[in-house]
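One chain follows as structure tokens, the form predicted alone.
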Amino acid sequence: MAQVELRGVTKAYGATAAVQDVHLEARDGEFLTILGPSGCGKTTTLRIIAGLLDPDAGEVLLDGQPVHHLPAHRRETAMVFQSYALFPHMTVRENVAFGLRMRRVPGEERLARVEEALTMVELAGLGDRYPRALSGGQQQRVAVARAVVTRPKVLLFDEPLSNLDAKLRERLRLELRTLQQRLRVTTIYVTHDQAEALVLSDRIAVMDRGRVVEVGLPTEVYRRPRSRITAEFLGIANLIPATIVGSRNDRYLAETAIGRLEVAWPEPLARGDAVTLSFRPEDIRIAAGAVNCLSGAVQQAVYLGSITDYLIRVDHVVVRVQEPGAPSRRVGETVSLVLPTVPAVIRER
């Protein structure tokens, strides 16, 4: 296992800053996901860790030792690319063995390690096939086997599931997580897929415009985002601007465009503080209640199989609400909503 640390890493392409003063740590044996939209700098960050790009400033450390001056083959990392980057003229076995050949691992040991890696990714018996004879999911497994066979200290993944269909993607992300836990290898995974990040990660680092916005447990960044960017990008959120106007019964009173709401929050808030309240659609109930109860009209009801997604207009604000099962509210119907007293409270900066 190993620890990876970035200290003030910066990378620019001409006048465009791809990565700006990134400070980030992946702990021993951790599965850390870097999550963000296209162009946010996450792949550039990963390539800097791998040694495929040199930073303009800052340090990359592996187990406390600077490695940003070392070439990729001397960093004890292995990378799985989005395109898999398999050699089409080599068999599966030859692809997996390539890194061991470059390290001059003796033939008998090399063969044993290749077969071990193929068994690990459930490709035993397919060593003589060529990549063109494999499905997308099998090619992805070959790329993973080629990475783990070298026994790296750090595994790096650059959106390895993005080219697969939804069902296969769902199955393989669970397999990746199981494999990582079995190997206990420090893993840094880049994706723009929020579901992948939540399923796979020990912690998630959210990036935006070249910077790390926040880092936390999956439950923390989803339930208690500290930034509007995280709340908007990670799932669906109703973001309601508010001003703290007082407190009552250990709760803060927040004035909003949809009325006065009571908010329980563990951190101190002061009268006059401008905040944004973040409510997840699944946390809002269509029901009557004594606290944070509002009235609105159903504008839209979309059946999504396991849930129904509603758009409900409250005054001049449209609130998104999700309920399990088939639609039970008609468009135009007036309903009561109960908002939770514990939303995420995002401080305006």
Partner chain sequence: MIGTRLFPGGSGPWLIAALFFGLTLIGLIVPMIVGVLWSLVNPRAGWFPPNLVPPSLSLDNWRAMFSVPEMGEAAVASFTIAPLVTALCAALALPTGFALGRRAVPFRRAIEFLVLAPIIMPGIVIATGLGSMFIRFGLAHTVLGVILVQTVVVLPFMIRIVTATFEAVPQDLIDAARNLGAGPLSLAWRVLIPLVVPGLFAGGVFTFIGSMEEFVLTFIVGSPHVRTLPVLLFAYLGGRSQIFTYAAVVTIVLLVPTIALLFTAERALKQEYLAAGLGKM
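Positions refer to the first chain, counted from 1. The structure displayed is predicted, hence computed values, not measured ones.
Same protein, other form: the form predicted together with the partner chain, not shown, and the subject of what follows.
Student: Does any heavy atom of D54 come within 4.5 Å of a heavy atom of the partner chain in the model of the complex?
Tutor: D54: contacts the partner chain in the model of the complex.
Student: In the model of the complex, does H69 have a heavy atom within 4.5 Å of the partner chain?
Tutor: H69 belongs to the contact set for the partner chain.
Student: When the contact criterion is heavy atoms within 4.5 Å, does R173 count as touching the partner chain in the model of the complex?
Tutor: Contact check for R173: no, nothing within 4.5 Å of the partner chain in the model of the complex.
Student: Please tell me whether any heavy atom belonging to R141 falls inside 4.5 Å of a heavy atom of the partner chain, as the geometry stands in the model of the complex.
Tutor: Answer no; every heavy atom of R141 is more than 4.5 Å from the partner chain in the model of the complex.
Student: Can you check 46-54, 29-37, 295-303, 311-319 and let me know which stretch has heavy atoms within 4.5 Å of the partner chain in the model of the complex?
Tutor: Answer to the contact question: 46-54.
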